[in-house]
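Single chain ahead, by itself, as structure tokens, in the form predicted on its own.
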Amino acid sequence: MQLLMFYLIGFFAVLSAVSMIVVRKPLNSALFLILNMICLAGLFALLNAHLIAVLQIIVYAGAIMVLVLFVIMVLNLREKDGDITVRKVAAQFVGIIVVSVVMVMVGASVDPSAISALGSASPEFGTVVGVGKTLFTDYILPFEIVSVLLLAAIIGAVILSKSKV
């Protein structure tokens, strides 16, 4: 069942990524990107990395895509009237075929035993406990440096935004 879900979510992830590139309207492209990020969160959830899956939806599909959609709507991009020629359609079709062939060749060249030899992740991988333990033990200094940099950026933004009266 898990393998079926992987293939189904993976299919929709690839389909939404291709649709994001092929579609002509920027707003539709951004919506396909949101769908792709949700599919990626589903793949993370299948890997039992629930924290990463939730962060994927909240941070990327939520906050960052709201900013992207805001910029697209502010720019008010309009589609240019243009004829879709047979050459353009043929070029897109040939491009899709070439990318598909390359993906199949790369997939066929990967040795499954080499992937399994890499080892498996610990049961706590991607969970809140696992990420918290790693973050606050092995990476405490980089975590504190990033927090001080973010604090400095917030203070700088407040100072720059104050109006001079």
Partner chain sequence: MDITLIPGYQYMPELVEMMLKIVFIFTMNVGVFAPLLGYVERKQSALMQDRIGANRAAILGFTIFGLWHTMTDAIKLIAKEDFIPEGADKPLHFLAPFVAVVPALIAFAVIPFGGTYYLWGHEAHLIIADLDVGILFIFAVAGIGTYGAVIAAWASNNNWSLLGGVRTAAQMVSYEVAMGLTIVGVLMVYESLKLTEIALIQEDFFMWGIFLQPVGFLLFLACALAENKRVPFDIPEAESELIAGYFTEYSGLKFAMFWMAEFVEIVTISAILTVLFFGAWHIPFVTHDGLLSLLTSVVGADIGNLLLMFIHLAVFWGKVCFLIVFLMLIRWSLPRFRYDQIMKLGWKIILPLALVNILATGVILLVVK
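Numbering follows the first chain given and starts at 1. For the two forms, the rigid core is made up of the largest set of C-alpha atoms that agree within 1.5 Å on superposition. In this text the structure is predicted, and so the values were computed from the model without any measurement.
Note that the form predicted in complex with the partner chain isn't included here; everything after this is about it.
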(Q) Check for me: heavy atom within 4.5 Å of the partner chain in the model of the complex, for each of 50, 63 and 69, yes or no. (A) yes
**Q.** Residue contact check: residue 46 to the partner chain in the model of the complex, 4.5 Å heavy atom
**A.** no
**Q.** Proximity of residue 135 to the partner chain in the model of the complex, heavy atoms at 4.5 Å
**A.** no
Q: Would you check, heavy atoms only and a 4.5 Å threshold, whether residue 89 touches the partner chain in the model of the complex?
A: no
Q.
When the contact criterion is heavy atoms within 4.5 Å, does residue 40 count as touching the partner chain in the model of the complex?
A. no
Q. Mind listing which residues of 15-39 have a heavy atom within 4.5 Å of the partner chain in the model of the complex?
A. 25, 27, 28, 31, 34, 38
Q: Indicate whether residue 21 shows a C-alpha shift of 2 Å or more between the shown form and the other one, with the rigid core used for the fit.
A: no
